[in-house]
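Just the one chain here, laid out as structure tokens, in the form predicted on its own.
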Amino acid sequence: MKLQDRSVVITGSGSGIGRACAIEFAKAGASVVVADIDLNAAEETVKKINASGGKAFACQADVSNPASVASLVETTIKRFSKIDALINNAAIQINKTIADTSFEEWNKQMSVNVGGAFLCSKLFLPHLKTSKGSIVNMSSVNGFFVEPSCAGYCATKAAIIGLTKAMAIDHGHEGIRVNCICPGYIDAGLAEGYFQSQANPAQARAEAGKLHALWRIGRPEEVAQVAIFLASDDASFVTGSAYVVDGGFGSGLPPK
């Protein structure tokens, strides 16, 4: 298996894309630390992994809190003795304009989405340096272009792309590769929250699908497979890159 004998930490893996990554990484042979602020959700992910014969354990972690992240690092090393890959996936999304966003909402979104990637990377770096490991940050197509009423979220995802490239330059000589993934609409997690907030969720999902060249929204497992590639030796000469996984979002047209 591609990730046999590798250990990986995936933040925000109690649901959505993070959960799919945890499950798929385990299938690929990795030992997975399922980290999430919601411990019950993390434990549910672990149950799914264990049921398929994978290896994983749950850990509660608030990626915006330095002490919590330090505890995550300590627990990971104590359990697996090393870390080969870090997937910075934890994020929140607040669908508001700047005018309607409170200071508290702005700071919270920044501290989780960007601050979480910073804190986890900073505290896991010494161990990744030893293993010559890799970091995969979860950005979004909203890091390249924006949509209405999610200004703060778009700002955080653009920041993650810049952070990824800077980290790749700073730590490449240490053998650490850093890349990010920019998903489009995925049928899980934050996108699902958006669909459910609409008057007709099924219609909203269908309309979103029409915005894609593939005429559908993506599955979280499809994002997970790109993360596995980036964390594996198959991507040994890939760093500082932003991989767009969006099914041709923005280029969908009605079929002739």
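Numbering starts at 1 and runs along the sequence shown. Bear in mind that the values here come from a model prediction, so they are computed numbers and not experimental data.
Same protein, other form: the form predicted together with a small molecule, not shown, and the subject of what follows.
Choose one stretch from 30-38, 227-235, 201-209, 50-58: the one whose residues place a heavy atom within 4.5 angstroms of the small molecule in the model of the complex.
Looking at the partner contacts, the answer comes out as 30-38.
So in the model of the complex, are 63, 92 and 190 all sitting within 4.5 Å of the small molecule, heavy atoms only?
Yes: each residue has a heavy atom within 4.5 Å of the partner.
Counting any non-hydrogen atom inside 4.5 Å, which residue from 136, 150, 112, 167 sits next to the small molecule in the model of the complex?
Exactly one listed residue reaches within 4.5 Å, namely 112.
Within a 4.5 Å heavy atom cut-off, is residue 9 in contact with the small molecule in the model of the complex?
No, no contact at 4.5 Å.
Even though the partner isn't displayed, in the model of the complex is residue 15 close enough to the small molecule, meaning a heavy atom within 4.5 Å?
Although the small molecule is absent here, residue 15 would touch it in the model of the complex, with heavy atoms inside 4.5 Å.
Taking any heavy atom pair closer than or equal to 4.5 Å as contact, tell me whether residue 73 reaches the small molecule in the model of the complex.
Residue 73: no contact with the small molecule in the model of the complex.
Do residue 185 and the small molecule share at least one heavy atom pair within 4.5 Å in the model of the complex?
So residue 185 counts as contacting the small molecule.
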